[in-house]
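Have a look below at one chain only, the form predicted alone, in structure tokens format.
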Amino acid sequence: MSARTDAKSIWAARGAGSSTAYRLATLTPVLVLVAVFTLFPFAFAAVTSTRQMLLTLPDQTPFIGLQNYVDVLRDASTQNAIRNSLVFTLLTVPCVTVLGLAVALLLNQQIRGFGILRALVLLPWAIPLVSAGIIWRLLLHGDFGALNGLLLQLGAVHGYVPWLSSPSTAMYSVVVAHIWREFPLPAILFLAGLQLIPGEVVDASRVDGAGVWARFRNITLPYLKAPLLIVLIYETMISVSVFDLVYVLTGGGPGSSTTLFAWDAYATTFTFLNLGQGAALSFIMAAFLLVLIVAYLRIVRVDEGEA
């Protein structure tokens, strides 16, 4: 009996050893790839942000500590980019969230033909950002744009409006294009959450005499906490780091009216060839996003049973 027990323990030990070796063999290549393509660039950027690194002076890269961070935060163009990014985020995130929720509530109705509509809703999000930017640039063109043509036909305007070349309308034009491009994904996420709400709970609330608003506030919203948190975090990250639409639509102009944070980091790095300050701007943007994500996690609390 003891010999059989010893044999079993030996085979168990061998099995555990082979299992550990198998795990290491399968995980090691993945960890190496993560280290090469994620950790190394992150570490290199962190080191770069603490050095005076100009491509015009490649042989002179002295260590300057946090001076790059101080310089970019004192720079007027960076301060303007931060203000523009805050305005852009405050305009787009609530609009994308509310519009996505409204579309999800509409698509959740059991009406014939809505299955095709659900697929069509995803089309704007499926279009690449550059292509979406080109579409909106043609629509909003100040000389032959389709929007100006439509407004002239309706008598809403008396002349072509320079949507993208006027400082007073350029930011709002980018905001509208961004909302159109981004709302489908939140709509699908909210729709998935709505379809998980038990039908008997809704029926019981109707029997109890709860109105539409009461059912939405007391039943729908609590079940949508998890997708709401995901949408807020994701859309905030996208809004703060948006670059493609700005690049195609306005190029940060006119003047600096649509210069957002990501565009400022791009211009600092690739136009002014200042890698140190460009890396510092990237880390400042990442820190800002981290603060917002922590705030979302504290405001929208999701229990394990709701996730």
Partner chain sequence: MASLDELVSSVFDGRVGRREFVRRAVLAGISAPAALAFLEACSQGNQANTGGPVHLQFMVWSYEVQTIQDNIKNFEKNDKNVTVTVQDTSWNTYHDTMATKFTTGAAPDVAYSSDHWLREWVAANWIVPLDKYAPDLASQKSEWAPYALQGMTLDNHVYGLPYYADLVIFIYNDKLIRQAGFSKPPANWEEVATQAKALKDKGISQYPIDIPMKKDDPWTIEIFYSMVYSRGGHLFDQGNNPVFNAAGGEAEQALQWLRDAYTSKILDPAVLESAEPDVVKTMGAGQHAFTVLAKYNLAELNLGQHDQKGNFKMALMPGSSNSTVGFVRFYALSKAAADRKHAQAADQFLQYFGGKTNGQYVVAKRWALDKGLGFAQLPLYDDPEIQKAINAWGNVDLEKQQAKVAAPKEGLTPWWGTWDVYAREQIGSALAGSTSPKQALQNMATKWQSLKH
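Being a predicted model, the structure only gives us computed values, none of them experimental. Positions refer to the first chain, counted from 1.
The form predicted in complex with its partner chain exists for this protein as well; it is not shown, and the discussion that follows is about that form.
Contact flag, P162 vs its partner chain in the predicted bound form, heavy atom cut 4.5 Å | Yes, contact at 4.5 Å.
Report whether the minimum heavy atom distance between L140 and its partner chain in the predicted bound form is within 4.5 Å.
-> Looking in the predicted bound form, residue contacts with its partner chain include L140, since a heavy atom lies within 4.5 Å.
P128, heavy atom within 4.5 angstroms of its partner chain in the predicted bound form | Taking the distances in the predicted bound form, the answer for P128 is no, it never comes within 4.5 Å of its partner chain.
Closest heavy atom of F270 to its partner chain in the predicted bound form, within 4.5 Å or not?
-> Yes.
Contact assignment for its partner chain in the predicted bound form, among P62, G251, P41, G65, heavy atom within 4.5 Å | Only one option qualifies, and that one is G251.
Name the single residue among S49, S239, S282, T259 that comes within 4.5 Å of its partner chain in the predicted bound form, judging by heavy atoms.
-> The residue from S49, S239, S282, T259 that makes the contact is T259.
Determine which one of 163-171, 197-205, 91-99, 213-221 lies within 4.5 Å of its partner chain in the predicted bound form, judging by heavy atom distances; exactly one does.
-> Only one stretch passes the 4.5 Å heavy-atom test: 163-171.
Considering only 56-72, what residues come within 4.5 Å of its partner chain in the predicted bound form, judged by heavy atoms?
-> Residues within 4.5 Å: T56, P58.
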